[in-house]
Every structure is written in structure tokens, then in C-alpha cells.
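Have a look below at one chain only, the form predicted alone, in C-alpha cells format.
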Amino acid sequence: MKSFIDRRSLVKFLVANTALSATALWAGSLPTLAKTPTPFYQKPIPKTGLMIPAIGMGSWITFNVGNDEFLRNERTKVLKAFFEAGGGLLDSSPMYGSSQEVIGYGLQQLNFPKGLFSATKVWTNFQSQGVKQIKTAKQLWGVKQFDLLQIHNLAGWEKHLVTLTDMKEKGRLRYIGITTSHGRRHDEVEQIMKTKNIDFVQFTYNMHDREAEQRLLPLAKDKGIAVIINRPFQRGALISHLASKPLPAFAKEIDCKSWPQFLLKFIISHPAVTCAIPATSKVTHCQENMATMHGTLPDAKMRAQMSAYVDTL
């Protein structure tokens, strides 16, 4: 059963735990919180208020391992670590080779963990082919329906939006989204966000790619559209660039022990960001990423300090 507290008790509790940010919620009941005052960051999906963990998982390249049984089992270990750490949103696409099939294999091995927020994409210019892709994806994942279907890189988006809207209206889909990456097609994404009834948008945003701060992130907040961030590490290029550089001393103030955590906290602390989806093939990296959802999140002043520091490196 859920525990409830009155307003006065809640205020006292929050004052006593000053590390809690405005965007953070704890998982579990109040007695557990009192014993473990470490925030677990979740963000609301604006259209419904459903809370999802601020760190999800991507699967491009990392889960494209074909029929190799050893590698499939290794990816299953990554999924296990992800869900054990409170993970939710798992993202894929028909574009990602065998990733959807490998995800399905892992989910089945783990008996479909609670908390899964299933997200995949349609990636074709043809509406009929998109319908087939959705059917195939359900079979590969082993799910009856998806939480979120996205139109990958806007391919045939007008046609697929008709399909996805119909599915949602019939109760066969919870959320609709569009995606882009590498900082491309922002003008078109912006127009769709302004004029179409979508629930999610996915694009690139990280310490070096901050163009989305100018228009897309403010627009998403204004329109009540959830934001998924892809390429948070620039496919590892950012981490490679920073690996030999020292973490700033102020990283301790936001409970960052590594560059990946530093980079991810910068992203998920943006008020318009719902979830970041780093991809990894290693359990240790997954655990490191998921640890980002604990501790203190940077405020606006700290975010500016973080980006200014990285810009000097």
C-alpha cells in the first residue's frame, strides 16, 4: 500500500532533506525514505503525469549482436543490471539490426521485468511497411503493445502519424513520438512539435551539442511534450575526449564520481528533459550510468559552471 503524509509533515521532511531537487521523487513508501534519504530521479511525462526514471537505455550498435549466444547473454546481464537499478525506458528501432530481437531474448530470460517502458520506432517511408514493422517489433520484443512508438528520423512521418494516432485512439498504444539525431532537421521537428499532437520528441543534446537549448527544449516545455535525449556521450567521443582531464572539484557537490555521471547529470537536470538514453554493452558502465539518478542534481547556476568548465577542455 502507498503511504500518504499531510502537507505540514511533507514540508518538514523536505526541509530536512535539502539535497532533494524540485524534479526528484523517491521510490517506495515514506518509512523507507527516512532510512535512505538518497533521491531517485524520475521525471513526469507531461501529457499524463506518469513518472519514468530519468536514465533509460538505448540499443543502437550495442545490442546488435545477432545470434551469438554468448553476446546475447552478456546483453541480458546489462538489462538485468538496468532494471535492478530502477531502469524503465528501453529504446530501439528496426534500423538497429538485431537489437530488437536481442532485447526480446533478454526480456524473456528476465521474465519481463516490472518497470519496463517499451519504446521502439517505425523506420520506413511507406505506411504499409510501417504497420508491418510494428507487428514484427511486438513479436521480437514479446510484448502485446508498446508504451511508445516513434517515427525514426521523421521518415514518412505524416503517413505514420495517421497509423500511430489510430492505434492510440483504439487503446493499442500509449504514446506517440518523433525522433531525429546528430542535430539534424531541427526546423522540421520544431514545426511538428508546434502543429501536431505528439507526446514525445527525441533528439541529440549533450555538453558539446547544445543547439536544442535555443528552440526545441523551451518549445517542448511550453507544449507539454516529453523529451528523450539520444547521443548523450556523442557515441563515446565525449568520454574519450574528457577521459584524461580531471573532474572539477565542484563535481563532488553534485555527487559525480566520473565523467559519464557528470555529463548525464548536466542533461537530466534540464527542466525540459524527461529521460536520457545512453547505450552500453557493459554491466559496469550501466551501473555507473544508473547511479546518476542518485545524489544532488545541479541547479541552473551549477549547470552554467559545468558547461563553462567543459568548454575550456
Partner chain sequence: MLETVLDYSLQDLMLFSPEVYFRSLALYNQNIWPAQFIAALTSVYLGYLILGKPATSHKTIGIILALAWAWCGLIFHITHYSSINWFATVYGGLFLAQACLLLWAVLKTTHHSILQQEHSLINLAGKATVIFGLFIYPFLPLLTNSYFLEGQTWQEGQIFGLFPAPTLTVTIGIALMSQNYPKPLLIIPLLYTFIEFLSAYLLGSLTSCIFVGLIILLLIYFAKKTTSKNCQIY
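Only a predicted model underlies this, so the values are computations on that prediction, with no experimental measurement involved. Numbering follows the first chain given and starts at 1.
Omitted from view is the form predicted in complex with the partner chain, to which the following refers.
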Practice problem: Verify the contact flag for Arg185: yes if a non-hydrogen atom of it lies within 4.5 Å of a non-hydrogen atom of the partner chain in the model of the complex, no if not. | Solution: yes
Quiz prompt | 4.5 Å heavy atom contact, Gly97 and the partner chain in the model of the complex | solution = yes
Exercise. Please check if Gln191 has a heavy atom lying within 4.5 Å of any heavy atom of the partner chain in the model of the complex.
Key: no
Quiz item: Should Asn153 be counted as a contact of the partner chain in the model of the complex, where contact means heavy atoms within 4.5 Å?
Solution: yes
Quiz item: Of these, Ile61, Val283, Leu247, Met51, which has a heavy atom no more than 4.5 Å from the partner chain in the model of the complex?
Solution: Ile61
Self-check item: Candidate from Tyr175, Trp157, Phe117, Trp123 lying within 4.5 Å of the partner chain in the model of the complex - any heavy atom
Solution: Trp123
Self-check item: Answer range among 66-74, 284-292, 259-267, 40-48 for contact with the partner chain, defined in the model of the complex as heavy atoms within 4.5 Å
Solution: 66-74
